[in-house]
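One chain follows as structure tokens, the form predicted alone.
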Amino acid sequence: MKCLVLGGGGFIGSHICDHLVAAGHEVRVFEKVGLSKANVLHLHEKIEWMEGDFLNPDCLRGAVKDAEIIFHLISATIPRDSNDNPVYDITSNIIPTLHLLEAARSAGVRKIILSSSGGTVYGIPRKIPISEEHPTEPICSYGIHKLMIEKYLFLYHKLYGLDFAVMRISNPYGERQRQTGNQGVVPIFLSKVMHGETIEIWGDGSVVRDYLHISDVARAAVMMTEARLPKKILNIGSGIGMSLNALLAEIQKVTGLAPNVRYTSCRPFDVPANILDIALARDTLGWGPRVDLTDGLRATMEYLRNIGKDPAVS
């Protein structure tokens, strides 16, 4: 099938491209102008690379042409900064997605697969693990905009028959994830430990999250291309919770290095625990995680060690 990966040059998108190509699909990547192609350089002869502005409806119409499946991975904000400017969060994510849905409907696209956020759409959990039936009460604008996009996908399916699937992803980590910035604690922690730098943790380190290796995320995404799902929304996680302190202990075991940690005040948008119930994905998609945390940390550590040796990914 002809697949369009919006944000295919990024961390999650590049791994989905790997799996799509391996499965024999045609792949077109849509990315913002000037973005580095490093993450997909190894696929340069096997994919089509298109640059444009996600906020420009004309660019979106060009991107969706002839596409059968669309993977929507683009977000202009992250949970940490989304509450700073909710208006920007809406205008940069919701409005262009509506233009995308219109373009997809007009172009005869079969299905849209959305990368949503299992870590933010549910809000503070009433029950652990969190199933797809759990109330959705996000406490950050990022979670609200992801939930809004899910609702618009439902609407376009109801009105126009545009099929869709939603991956409510936990905390993906792995190779090609940035080791700097405000998102992705695994590569950030690993890099700081490997370089003897201080790790800053918001709160006392008791916050529990569900960490999933990126290869398992990509595999789930590709499985959704042809799956006829009775439920359109699936949690995609490990189903296992781990505190930040326990994660640091596992990193110390893998690296053989003791982390230097500084604890600071907790953040108002951080929920105390988030562990996804993945039973529905197992039962309806036949999917489950294959990479355990120890092996995933080792693979990520080796990647971080090697990126300085390979100019293609530096």
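One-based numbering along the sequence shown. Just so you know, these numbers come straight off a predicted model, no measurement behind them.
The discussion below concerns the form predicted in complex with a small molecule, not included here.
Residue Ser75 is the only one of Thr97, Ser238, Ser75, Ser141 with a heavy atom lying within 4.5 Å of the small molecule in the model of the complex. Stretch-level contact check against the small molecule in the model of the complex with heavy atoms at 4.5 Å: of 102 to 110, 162 to 170, 127 to 135, 201 to 209, the positive one is 162 to 170. Using a 4.5 Å cutoff between non-hydrogen atoms, Arg178 counts as a contact of the small molecule in the model of the complex. Although the partner is absent here, Leu20 sits far enough away that none of its heavy atoms falls within 4.5 Å of the small molecule in the model of the complex. The small molecule is not shown here, and in the model of the complex it never comes within 4.5 Å of any heavy atom of Gly296. The small molecule in the model of the complex is approached by Ser115, whose closest heavy atom lies within 4.5 angstroms of it. Against the small molecule in the model of the complex, the set Lys32, Asp53 and Lys146 is in full contact: each member has a heavy atom within 4.5 Å.
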